[in-house]
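Read the single chain below, which is given as structure tokens and is the form predicted on its own.
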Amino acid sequence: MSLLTSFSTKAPFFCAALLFGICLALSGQAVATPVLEANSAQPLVAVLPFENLSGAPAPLRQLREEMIKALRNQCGIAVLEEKALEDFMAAHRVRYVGGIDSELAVAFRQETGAQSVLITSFEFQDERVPLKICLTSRLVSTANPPIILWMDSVGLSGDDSPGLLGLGLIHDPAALRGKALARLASSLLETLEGRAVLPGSAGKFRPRIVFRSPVLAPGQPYVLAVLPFFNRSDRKNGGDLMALQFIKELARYEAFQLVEPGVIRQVLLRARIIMDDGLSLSDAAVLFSELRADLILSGKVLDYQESLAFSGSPVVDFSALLFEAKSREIVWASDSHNEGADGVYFYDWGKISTASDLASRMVRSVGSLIAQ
């Protein structure tokens, strides 16, 4: 399985081998057929319309166009033509753009030639001062089952780097959007070139309460399914946003092969599973069987609050539970609460400006403890 870009027209065979190796590292198991054939110098990626999780109107079409430009210009990626994408989505009646299931992934490959799909979720944007924008994006193979090849998020504020006399402040929404999309494209390029490194986690973001069962063996490969979290916060789609953060951070570890959210959604709908206040044992048994997962992670979001003023600070509060298939036991439980100004005492130095960035750092700390 491989990714979807050609970084050197003079060395397509090297690119194929590199990208196939990345897929193997991410999947944690042998893969039957590479997505990128050795004679394919210009593999295609289909860029889906953006999913809006902000709960408010957003310039999704404009953002998507700018993302496509960044992929082409910054990464050298060949993007599936718009007409071909529209015809495919109309033929298959695709309305949900937050993920793809196995059948849709195979259809993408067979009918359009796209060897992977880029899925982007728009989380938040505020054009009041200070400007803010938050996005999460992932690259998914058109294999059966689809595999997450790369995933990252970005949460930026116009006052993140004010600099001397405020010269670094960003007052133009277009400039902040461009910076966010360029950062995502740069992250994707680093993964494609094998330059991505595992980011560290600061101690101040460690969960307040932790339980770990000895059943959770360190170093053992696991297939892991992350369910949407139960949203008890005032933030619309807070549970989906938190689930994406966990998928992103846990996908960085070779020990975990993450199940594509679109596949999980398909199983939940087909099995008519509605989780009102937790995962029952009977529902867990169905999900373990249908998803062929070793672990299922779920939890609750109690607070996912943005800072909407210079003096304010974002707040994120969540709990996480990890279920193991063989024992049917909870093998991990944690509770996390942080504010963007935690540990900040000198002129807002090190202050976190967006809930997305704060949640990402908190989940990164949880992920590093689970993966130990």
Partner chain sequence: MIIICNISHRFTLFPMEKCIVRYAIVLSYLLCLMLQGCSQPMGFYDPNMDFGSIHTVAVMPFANLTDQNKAHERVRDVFINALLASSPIYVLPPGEVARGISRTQVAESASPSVEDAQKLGATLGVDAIITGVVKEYGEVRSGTAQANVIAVSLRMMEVQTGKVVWAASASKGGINTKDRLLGGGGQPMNQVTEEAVRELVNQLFH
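Keep in mind that this is a model prediction, so the values were computed, not measured. Positions refer to the first chain, counted from 1.
Keep in mind that the form predicted together with the partner chain is missing from the display, and what follows is about it.
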TODO: Decide yes or no: are E66, C75 and T120 jointly within 4.5 Å of the partner chain in the predicted complex, with each residue judged by its heavy atoms?
DONE: no
Open item on the list: in the predicted complex, does R195 come within 4.5 Å of the partner chain, counting heavy atoms only?
Closed with: no
- [ ] Examine S280 and determine whether its closest non-hydrogen atom to the partner chain in the predicted complex is within 4.5 angstroms.
- [x] yes
Open item on the list: in the predicted complex, is there a heavy atom of the partner chain that lies within 4.5 Å of any heavy atom of Y96, even though the partner is absent here?
Closed with: no
TODO: Consider R208 of the chain shown here, and say whether it contacts the partner chain in the predicted complex, taking contact as heavy atoms within 4.5 Å.
DONE: yes
- [ ] Considering the partner chain in the predicted complex, find the one stretch among 151 to 159, 261 to 269, 295 to 303, 104 to 112 with heavy atoms no farther than 4.5 Å from it.
- [x] 295 to 303
Task: Proximity to the partner chain in the predicted complex, single hit among N237, T191, Q257, S233 (heavy atom within 4.5 Å) - done: S233
